[in-house]
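The form predicted on its own is given below as one chain in structure tokens.
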Amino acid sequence: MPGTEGVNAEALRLDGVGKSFGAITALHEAWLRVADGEFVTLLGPSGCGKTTLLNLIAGFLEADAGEIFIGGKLVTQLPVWERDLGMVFQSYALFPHMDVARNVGYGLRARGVSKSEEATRVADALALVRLSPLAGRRPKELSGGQQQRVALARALVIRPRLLLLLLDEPFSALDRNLRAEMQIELKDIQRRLGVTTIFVTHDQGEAMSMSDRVAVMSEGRILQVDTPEGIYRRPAHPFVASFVGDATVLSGRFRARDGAMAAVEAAGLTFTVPAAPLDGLAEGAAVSVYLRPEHLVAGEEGLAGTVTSRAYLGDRAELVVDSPEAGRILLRVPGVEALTRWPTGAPIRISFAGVEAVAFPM
């Protein structure tokens, strides 16, 4: 069961949850454990099943198979309002005829909370998202970022067991600086409150920067659940290796296994890689070797190639190199001097010594 290892107190548990729409299977037996206080992101391209999974957790869709537990309570058949959830929607779903304070307090009024407690909790929630001065404004008088904060305050004011951010492309409407600010602010609020959060995005930068763990999805399946570092450095599936971050892919051959590691050859070089993805392969079997661009070294030794394009990235340069032995190679070179040392068309040599790599059967 992917994603179940090393997690103790559970805020959310999915046991083989599946969903089909007619002949189309949108979600294949999803298994997931989320600990109290975790920030877990469902990451994958459009159509991979992540929004379907979030809607199943929320109760907007009924599962065809499996069971859903929130805080240890079976909720598979329970309606949305009985699942102890706070939700922030893509459209924010604010009431245009209500001011900010009334919008935030709506869930409390629906739960029969007294007016005095509502006022106190709304004030606390607005202070949390830094919107206290705007309590009397209507949604149309707010910016997109401010509306998002109101929606977040409304979700948090009810003190939910689980916060669902139903926001595929959550910060896409915001400019770059505000987007970065909102990411930092959301993660800071989540940490301070300790609320378990499930977040949906196809933006790997958002997922990697905000999450305690990331569940990478493709074609209705959860392929790997791990920390951002684990997802990047130890991908368990070729889709994960290619979707998260950049990589150079070399064609090679499996040579031998030695405990948890294995030897593979590619481009005339030998790489030591994790053995688990290569279980059952015979010597000489074809493999694909994935190399991260920052692990490669440009210099005077190694494979020969020619720089075919380059890009300035501030503190480093990104070079694309064509090598007769290895094909297309992507690497990042620290320092802006790389742009003058290796212009387009310049010869270059690339060293793979000590590089971290992973390999998968072809």
Partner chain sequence: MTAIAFRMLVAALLGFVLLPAVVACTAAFDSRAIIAFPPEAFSLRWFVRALNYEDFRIGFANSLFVAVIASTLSVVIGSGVAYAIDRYSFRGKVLLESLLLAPLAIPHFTIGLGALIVAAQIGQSRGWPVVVLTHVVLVLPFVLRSLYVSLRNIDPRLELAALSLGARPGRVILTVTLPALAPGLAGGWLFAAILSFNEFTASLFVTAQRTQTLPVAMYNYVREYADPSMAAISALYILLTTLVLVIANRFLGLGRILGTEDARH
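Positions refer to the first chain, counted from 1. Bear in mind that the values here come from a model prediction, so they are computed numbers and not experimental data.
Keep in mind that the form predicted in complex with its partner chain is missing from the display, and what follows is about it.
Participant: Among 126-134, 92-100, 202-210, 267-275, which stretch sits within 4.5 Å of its partner chain in the model of the complex, heavy atoms only?
Facilitator: Partner-contacting stretch among the options: 92-100.
Participant: Does the 4.5 Å heavy atom contact test between R149 and its partner chain in the model of the complex come out positive?
Facilitator: Judged by the heavy-atom cut-off of 4.5 Å, R149 is well away from its partner chain in the model of the complex.
Participant: Does K140 reach its partner chain in the model of the complex, with heavy atoms at most 4.5 Å apart?
Facilitator: No, no contact at 4.5 Å.
Participant: Might R109 be said to contact its partner chain in the model of the complex, defining contact as any heavy atom within 4.5 Å?
Facilitator: Contact with its partner chain, yes.
Participant: Can you tell me whether V80 touches its partner chain? I mean in the model of the complex, with a 4.5 angstroms heavy atom cut-off.
Facilitator: Although its partner chain is absent here, V80 would touch it in the model of the complex, with heavy atoms inside 4.5 Å.
Participant: Judged by heavy atoms and a 4.5 Å cut-off, are L27, C48 and F243 together in contact with its partner chain in the model of the complex?
Facilitator: No.
Participant: I need to confirm a contact call. Of M87, M182, V195, L223, which residue comes within 4.5 Å of its partner chain in the model of the complex, counting heavy atoms only?
Facilitator: Of the candidates M87, M182, V195, L223, M87 is the one lying within 4.5 Å of its partner chain in the model of the complex.
Participant: Which listed residue (V122, I158, A236, L186) meets the criterion of a heavy atom within 4.5 Å of its partner chain in the model of the complex?
Facilitator: That would be I158.
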